[in-house]
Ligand SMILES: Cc1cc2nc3c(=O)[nH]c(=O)nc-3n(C[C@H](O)[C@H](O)[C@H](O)COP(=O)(O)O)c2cc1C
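Quick heads-up: it's one chain on its own, the form predicted alone, in structure tokens.
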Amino acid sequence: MKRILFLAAAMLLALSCAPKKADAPKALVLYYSQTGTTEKVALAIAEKTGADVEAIVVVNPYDGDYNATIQRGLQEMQTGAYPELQPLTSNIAEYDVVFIGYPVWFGTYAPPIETLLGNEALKGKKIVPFCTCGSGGIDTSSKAMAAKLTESEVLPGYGVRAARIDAICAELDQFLKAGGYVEGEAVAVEEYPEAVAVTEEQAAIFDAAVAGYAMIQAKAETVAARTHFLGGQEYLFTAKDVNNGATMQVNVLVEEGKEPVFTQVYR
């Protein structure tokens, strides 16, 4: 019944994500969603691939208050006392590919996922991480997942900022085609050229993209640019934090007629 309700909800999402099923191994989408944002991505993946889908539910739910949730999550990560989960209704052993979705907390997957990854049935499976985030974390969380699931194959994942959730239809289409999870050819993506020192104009693009986001207070130093597969120009900036001197890389997308936005941060 739970799975039927999730699939019904997918049909109601105003995402216009038309599924394109491929002759592919049997797939399952498991996800933890604190605010409903990750759930939107999970349901879109299930709709496009025809995969079964199930939410990961914590026995003692986070109360929804932002500060309390952050404090609890940090304590769980520091002590290793990760939350207990309600039993899954899905039998992981029946699936070849498992998509695992989560919000990024403290640069990695949220604590409920740590509990999930202890499930012995994940051994030998192909694992596809996906996440929603404030700025970034698909790279660090995927590495952490691969380090945890040493007997599974953790494949390249997909991450999207919560502020860009409306972009998931086109981006997921590209990601799923590139991974062979749905039929069709992915758009060819050109490599970034060698990075060069930023110009004043490019520095202004970077500043505009990160303006108003308190977690990024940095100055762009070098940049590489290419055409984005959806159109427009995509930049990979290397920037230095003005407070602590730490180096980060920031993807910025400039679509025609739109303001610059950053899509991912790699720290």
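Residue indices: 1-based, along the sequence shown. For clarity, every value in this text was computed on a predicted model and none was experimentally measured.
Below, we refer to the form predicted together with the named molecule, which is not included among the displayed structures.
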Checked 195, 186, 167, 162 for heavy atoms within 4.5 Å of the named molecule in the predicted complex; positive is 162
In the predicted complex, the residue from 227, 35, 217, 222 with a non-hydrogen atom within 4.5 Å of the named molecule is 35
Assess the spot marked by 70, 103 and 134: is the named molecule within 4.5 Å of a heavy atom from every one of these residues in the predicted complex?
-> yes
Using heavy atoms and a 4.5 Å limit, would one call residue 107 a contact residue for the named molecule in the predicted complex?
-> yes
Counting only non-hydrogen atoms, which stretch in 176 to 184, 86 to 94, 144 to 152, 126 to 134 is within 4.5 Å of the named molecule in the predicted complex?
-> 126 to 134
